[in-house]
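Have a look below at one chain only, the form predicted alone, in structure tokens format.
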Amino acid sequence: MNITETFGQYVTKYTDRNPAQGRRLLKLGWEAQNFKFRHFPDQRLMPADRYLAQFMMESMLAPLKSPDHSAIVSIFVPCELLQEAGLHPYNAEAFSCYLEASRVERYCLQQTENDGLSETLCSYHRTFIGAAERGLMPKPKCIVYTNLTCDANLVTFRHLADLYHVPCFSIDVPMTMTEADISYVEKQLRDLKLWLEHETGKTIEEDKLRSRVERSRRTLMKFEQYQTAKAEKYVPTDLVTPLYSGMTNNILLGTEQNEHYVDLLNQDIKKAGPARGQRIYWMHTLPFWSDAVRSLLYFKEDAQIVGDELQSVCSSDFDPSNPYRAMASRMVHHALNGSIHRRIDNGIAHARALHADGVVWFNHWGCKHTLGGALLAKKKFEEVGLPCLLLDGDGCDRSHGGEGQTLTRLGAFLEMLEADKAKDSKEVSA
């Protein structure tokens, strides 16, 4: 048994006795991990990604330290308004990743199974609900969520509001993309501003909000520049960094830390060596805990993940002079909103831009949007010359197993890509 498993067992034992003690132990463990990130970072990572590990851990610790100044949010809520209201985004999906990494996800999932919650609900959501019901997750100031792309949101966040007895605000995003739809969402965001002011007692200043949304746009533009430069470069990566930047390019947009991270990325890429090995573009969430995936893609020069769909779902094409309309436009034109064709086309565009050799479409158990579009996605990716592997699994619940199948199928896919590249190189030289 390793230290993480032991830590998880102690967290569950203390939480059963006294949830407050369980939370204190969880916070202490995460603070110890953050100390390691600060003073003994993984030297295989480039400086930007070392900073990102700290930034994300601090984002997870903030709600544990000060839950009264935090708001539970779904992943695609525009959080600039919350930041200006003095509320830290307390994201359900991100917390479930960290709970899984701390080996307490089974304890949380068991709670939802005992309650009869459907196993077809996304395991990220079930993990967070179970942690909340066990008392491991502290009570927030409020909850803000959107129906954007994930139908589990409609169940999860209302359930949490009832459990915690806190006010809840829902943002409805239409699946169509007309100017009227943007105006409809803009109106809701203006209402959210008033609602947040009422709940927090803090005035949201328009000039500061405008500056924050401008920072979001600037950050996205810089990230797009980094992605362009990355197409010809090799960047060593683990299995959590792609998931981290999925969070930074969504809920943490608008923060100074996020812009600093992207500035570091652009500094690092200038020093990176030339591209090498098989370049994989990953669609949907990533099972970072999987030993099978780890054995094939964790800091490997012969095969690495060069991009993740969740990094590039928001465009920088918005006008920050009207911050409410800018955020509304970002939501309505979100790459995962609307038809599955938009999501696939967005994935194709980014995979090509990053010079990916192949694509993994991860069929995360419980995500109907992903599962339903899988066969169409494979067809469309391969029509444009991008081999696509449909890989079944669960991003958060390791008890679903399938490690042997994952190792076999992913390994065979990488071998096929290598053989194709060798064949193409031989034909060119001939």
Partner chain sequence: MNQTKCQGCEGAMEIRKNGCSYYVCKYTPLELMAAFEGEYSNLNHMPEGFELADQVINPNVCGFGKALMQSVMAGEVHELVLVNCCDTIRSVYDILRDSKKLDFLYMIDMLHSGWACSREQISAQLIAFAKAYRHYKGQEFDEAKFRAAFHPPKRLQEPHLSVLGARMGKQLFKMVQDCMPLPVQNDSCVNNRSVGEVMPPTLASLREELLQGTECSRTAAPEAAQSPRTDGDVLDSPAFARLMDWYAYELIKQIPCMRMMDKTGRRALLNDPNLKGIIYHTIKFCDFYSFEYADLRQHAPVPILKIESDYTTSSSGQLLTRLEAFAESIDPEELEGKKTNMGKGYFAGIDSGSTSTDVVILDKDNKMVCGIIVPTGAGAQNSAEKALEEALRQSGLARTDIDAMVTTGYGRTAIEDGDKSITEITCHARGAHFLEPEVRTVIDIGGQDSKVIRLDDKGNVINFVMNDKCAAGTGRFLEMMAHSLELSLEEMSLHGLNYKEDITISSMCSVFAQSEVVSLIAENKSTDDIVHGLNKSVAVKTSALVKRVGGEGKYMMTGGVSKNKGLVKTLEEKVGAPIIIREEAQLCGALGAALFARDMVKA
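Positions refer to the first chain, counted from 1. Because the structure is predicted, anything quoted here is derived from the model rather than measured.
This protein has a second form, the form predicted in complex with the partner chain, left out of what is shown; the following refers to that one.
Colleague: Go through 296-304, 144-152, 198-206, 257-265 and give me the stretch that gets within 4.5 Å of the partner chain in the predicted bound form, heavy atoms only.
Modeller: Going through the listed ranges, the match is 144-152.
Colleague: Is every one of 191, 379 and 405 within 4.5 Å of the partner chain in the predicted bound form, counting heavy atoms?
Modeller: Result yes, every residue of the spot touches the partner chain.
Colleague: How about residue 274: is it within 4.5 Å of the partner chain in the predicted bound form, going by heavy atoms?
Modeller: No.
Colleague: Does any heavy atom of residue 67 come within 4.5 Å of a heavy atom of the partner chain in the predicted bound form?
Modeller: The answer is no: residue 67 has no heavy atom within 4.5 Å of the partner chain.
Colleague: Taking the partner chain as it sits in the predicted bound form, is residue 158 in contact with it (heavy atom to heavy atom, 4.5 Å or less)?
Modeller: Heavy-atom contact with the partner chain at 4.5 Å: present for residue 158.
Colleague: With the cut-off set at 4.5 Å between non-hydrogen atoms, does residue 121 touch the partner chain in the predicted bound form?
Modeller: Taking the distances in the predicted bound form, the answer for residue 121 is yes, it comes within 4.5 Å of the partner chain.
Colleague: Counting non-hydrogen atoms within 4.5 angstroms of the partner chain in the predicted bound form, say which of 101, 340, 166, 229 makes the cut.
Modeller: Spelling it out, the residue with a heavy atom inside the cut-off is 340.
Colleague: Which residue, 387, 401, 47, 41, is the contact with the partner chain in the predicted bound form, using a 4.5 Å heavy atom cutoff?
Modeller: In short, 401.
Colleague: Along 169-197, which positions have a non-hydrogen atom within 4.5 Å of the partner chain in the predicted bound form?
Modeller: Sequence-ordered list: 170, 171, 172, 174, 175, 176, 180, 181, 184, 187, 188, 191.
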